[in-house]
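What follows is one chain in structure tokens, specifically the form predicted on its own.
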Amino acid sequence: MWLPFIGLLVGILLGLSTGIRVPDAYTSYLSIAVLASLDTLFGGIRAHLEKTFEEKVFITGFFSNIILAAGLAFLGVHLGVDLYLAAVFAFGVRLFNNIAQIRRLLLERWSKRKKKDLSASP
């Protein structure tokens, strides 16, 4: 479970320390890629907490989300329509939903552990 957080931390540190600038023309692609990555990350954490995590689903979901989102952004640029906003909305809703489910699962575990500790103490 800690591997995605370590990867995220390493990515953030590399991004901040290298000083690489993304051209303005590609900012919509980068924002979509970051949202797709975060959606996949939190979906994986949720699946892990629910004990339904599968590596193949995680990896294929990661790449298919990024390809679909980049494709929408690319098509939108060529059509003159901000289609990437559809992906931003979809990933944003899923991201908040996954975070809410993770919070509920963690609170449920915490309250079960607390009840167990109280019943075990004399």
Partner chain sequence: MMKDRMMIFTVITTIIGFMVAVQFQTTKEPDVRDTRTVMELRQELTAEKEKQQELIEELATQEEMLEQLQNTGNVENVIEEAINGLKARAGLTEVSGEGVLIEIRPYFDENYQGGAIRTVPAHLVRMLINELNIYGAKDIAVGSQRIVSTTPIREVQGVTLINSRRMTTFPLQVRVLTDDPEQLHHYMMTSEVKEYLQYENLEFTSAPMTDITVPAYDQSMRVRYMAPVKEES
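Residue numbers count along the first chain shown, from 1. Remember, it's a predicted structure, so these values are computed and weren't measured experimentally. Take the two forms, superpose them, and find the largest set of C-alpha atoms that agree within 1.5 Å; that set is the rigid core.
One more form of this protein should be noted, the form predicted in complex with the partner chain, which is absent from this view; the next part is about it.
- Using a 4.5 Å heavy atom cutoff, 8, 31 and 53 all lie near the partner chain in the predicted complex.
- The shortest heavy atom separation between residue 48 and the partner chain in the predicted complex is within 4.5 Å.
- Not displayed here, the partner chain is kept clear of residue 118 by more than 4.5 Å at the level of heavy atoms in the predicted complex.
- Using a 4.5 angstroms limit between non-hydrogen atoms, residue 37 touches the partner chain in the predicted complex.
- Contact check for residue 59: a non-hydrogen atom falls within 4.5 Å of the partner chain in the predicted complex.
- Residue in contact with the partner chain in the predicted complex (any heavy atom within 4.5 Å), chosen from 77, 41, 86, 70: 41.
- With the core held fixed between the shown form and the other one, residue 14 has its Cα displaced by at least 2 Å.
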